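This text opens with one protein chain seen in two forms, each one given by itself as structure tokens under the names structure 1 and structure 2.
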Structure 1
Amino acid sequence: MNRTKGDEEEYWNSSKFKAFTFDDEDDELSQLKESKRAVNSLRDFVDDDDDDDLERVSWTGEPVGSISWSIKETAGNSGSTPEGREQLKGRNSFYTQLPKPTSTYSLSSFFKGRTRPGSFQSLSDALSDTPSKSYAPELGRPKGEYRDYSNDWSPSDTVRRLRRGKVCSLERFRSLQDKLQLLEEAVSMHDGNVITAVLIFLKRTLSKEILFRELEVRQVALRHLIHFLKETGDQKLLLDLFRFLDRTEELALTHYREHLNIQDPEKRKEFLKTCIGLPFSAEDSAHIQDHYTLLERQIIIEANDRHLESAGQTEIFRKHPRKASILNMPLVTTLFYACFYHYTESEGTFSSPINLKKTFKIPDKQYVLTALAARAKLRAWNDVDALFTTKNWLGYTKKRAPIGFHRVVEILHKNSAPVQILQDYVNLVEDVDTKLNLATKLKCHDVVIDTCRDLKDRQQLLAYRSKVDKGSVEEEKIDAILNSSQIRWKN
């Protein structure tokens, strides 16, 4: 406080106010009336923005409006005293404070001999006259934009305040009708933050059945609640909500999503098991089942292989140590792994590729592609051959591929297959143009030469001649063909 005692005396005795002393023997009621008048006029004075002399300070000495003040204010227990609760009945505010009678601004100084805060109760008549204004100068009240709070904001005003981030208590919207009206206003304003704020309040003050029932027919608000529950991780309420709405598929997916938070493989596997009976669509149920089965297998394979690797007896693991665990890998990756490390195993083991193929109904195309990639990486060309060799009904072997031989060539090339092998497979490419392109790109001379000859394309053959090494076998071959009189050249 920066006033001297003398100033204060002057202040209180100035003409603006009726002089009060503690010695008056006046009638109680008239005193009250005088109090009322004085307090009213004092209020104007206090409210006056332009008066910079008046520094408002709280009971603890902090200037009103400062950070430390506001901390204390909000940390305080409003409404904990009976008088405070009385005040709150007529008001909505986070910041209501019962002025404590220990400062020079004590209101008790306005009332003869009344120092107890109980004097407020006798003001209840006065309070009821003008319900929105208090008669005691609210010294705990914050400055600035919050000064204009009252408890009379309509739903649309409230929503507007919320949009601007202003302090706004929603407590007074107690009836369901009021609440729903507030929600409606929020939705029509379009601001999702406000809608969520209102929903937070409704969630706290309504039973979930009622909340769900009302939101069922309000799509926009419902979406916001769902998102809010997702973000705050309120899994239980979210599931209840979906159950109520009979949104079975979302219920199942929400439950399933939890598995991403479980790191331990065993626990995750157990959790996935609980997902199997959930109301997924038919296809999705199959996918969930596969997920469980896959993880189950991976756990077994992982344990087994880790054991083998550390034992150090198995050649494949010694030559190509594992770079990562197979747990939680996709199926195709698991298949690749099986084709890499467990190719020769019979169908009976969990880690055999054939077993995986059968269990998960992996299509031929995918299987061949993956097996090829694995065997090519290991440079196991015989295995590659075996993949494509089938015996036809006459007992002749024939090469077939469900994926197109150009793909095969690509993969072989990526794994640096020897030219001879590449050449064999380039030859098998069905489309002639692709074959020629590939052969040229990969320098499979024989294939190029033969294809040009088959196409009767002399120009191309001539052009290619310049690309081969001088004096090489290929050059001789080209020359022989070019000179052959048996070929009817196109160009």
Structure 2
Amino acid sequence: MNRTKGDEEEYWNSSKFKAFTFDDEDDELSQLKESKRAVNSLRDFVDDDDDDDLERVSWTGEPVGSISWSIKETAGNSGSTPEGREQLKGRNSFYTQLPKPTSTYSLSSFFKGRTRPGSFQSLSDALSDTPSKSYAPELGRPKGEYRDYSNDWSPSDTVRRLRRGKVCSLERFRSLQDKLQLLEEAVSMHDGNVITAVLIFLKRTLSKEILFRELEVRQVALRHLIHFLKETGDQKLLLDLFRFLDRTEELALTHYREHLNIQDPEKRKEFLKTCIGLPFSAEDSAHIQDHYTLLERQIIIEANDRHLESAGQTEIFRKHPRKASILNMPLVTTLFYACFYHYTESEGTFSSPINLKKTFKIPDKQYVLTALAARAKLRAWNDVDALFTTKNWLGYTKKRAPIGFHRVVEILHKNSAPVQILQDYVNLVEDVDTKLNLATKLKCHDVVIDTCRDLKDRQQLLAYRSKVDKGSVEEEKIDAILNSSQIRWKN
């Protein structure tokens, strides 16, 4: 049969029969390259973090990179014997079944610079087209290292892994006994995060009755679950748990806390009304009653003031429009609001400050402090003066401040009270040193001069003379006192 040269090349290249060539060794090298790529894929099955913990060994059990290993590998590859080729092919058949790892050892690094007689290229040259980072074959990890992938962990091992922040599934613990053992191991570790993680698993996989029954005898885990339910806002399950444990007071407090989720004032008021009869302690019952009464008052005051403000007929609302609603505000805020807008109202009205004081048993100090702040903000100095003026049974008037006149002076100064009013209240401060400090700070010159004169302290009066203006009335007053012969100075 006559064939052209092109037909013959096509025949030999496409047929399953191959002509004899002198490139058999190249076939071995191509197989070796393929096996090398397969070996590199082994790395995907091994965690990068644990590479430093492994000792890489050869197929004979000797460490890779050692002198003895390099000598044996050199001697075994010095000639292309049929036995060596069969051994190499056997290795290649094993390599091709393995995925690609990463390693710090390269086959070419051990044979670099060595060329065999009769070969056309060195082994390192033949592998030069592979990626720059290549790796030598290495033995796999011990079987125990891969238990993580099969979830073959005991409860104690699982808890230790959770404590170290490792990811492991708890789904393999199916029986109640295994789950309780897992919980006990977590409690014995004294790690709140691990205990909470196990409790979340038990909450999801156990019925409420079984979960509550088992936790009743495990108080540490029970406290963690109660805290977790409070933090996550699972009020329904928390109420069920308190009912099961017969903790009536905690059950009542948990039910009361639900009012925070009710925005409508009328609905919140009705809800608080249902809380009044719950089994609270005596002190808590009084607070619940006060809360209900306060909200009831706030709803009435808010509706009335909104009408007055929209009508525009009340002077206080025209000069000082309301900035916010009074609904759901604390008692002290409500009292300040009443002192600001309804200070002169009779005690019989719900918005009267005196009515609020008596209804909620507000202490005198708290009432005076709040009323002073409200009236000073409006610069109603007559009301401030009347707030501290009292009469005895003989009809004599006297100023008295349950909060201390130094606090009164500070509040008046904060609200820009006139100097004369400040001087009147600074003079009422009992402690002399406090009085001098306040008078000096607020530049109440008459108070400082009179106090130094009463103390007969000539040196302090001379020192203060340098602080007043030259030629002022205060300087003339100081000179008159210093020149007086009727005062016997101490210094």
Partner chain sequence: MDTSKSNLFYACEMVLEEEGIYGDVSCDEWAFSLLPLDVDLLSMELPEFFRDYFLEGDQRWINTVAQALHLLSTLYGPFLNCYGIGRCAKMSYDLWRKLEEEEDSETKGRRPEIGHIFLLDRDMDFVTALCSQVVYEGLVDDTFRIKCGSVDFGPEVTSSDKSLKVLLNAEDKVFNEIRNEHFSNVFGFLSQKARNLQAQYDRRRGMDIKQMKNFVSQELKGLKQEHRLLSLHIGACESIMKKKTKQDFQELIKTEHALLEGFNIRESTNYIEEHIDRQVSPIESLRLMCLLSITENGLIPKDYRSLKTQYLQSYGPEHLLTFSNLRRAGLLTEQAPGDTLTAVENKMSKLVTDKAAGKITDAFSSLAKRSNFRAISKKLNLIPRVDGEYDLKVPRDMAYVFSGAYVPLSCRIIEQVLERRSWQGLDEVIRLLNCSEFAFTDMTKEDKASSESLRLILVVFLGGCTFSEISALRFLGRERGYRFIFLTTAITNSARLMEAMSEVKA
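Source: prediction; values computed, not measured. The term rigid core refers to the maximal set of C-alpha atoms that superpose within 1.5 Å between the two forms. One-based numbering along structure 1's sequence throughout.
- The chain as displayed in structure 1 is taken from the form predicted together with its partner chain.
- Of the two rigid parts, the smaller turns 20 degrees against the larger between structure 1 and structure 2, judged by C-alpha superposition.
- For Arg223, the displacement of the CA atom between structure 1 and structure 2, after superposition on the rigid core, amounts to 2.6 Å.
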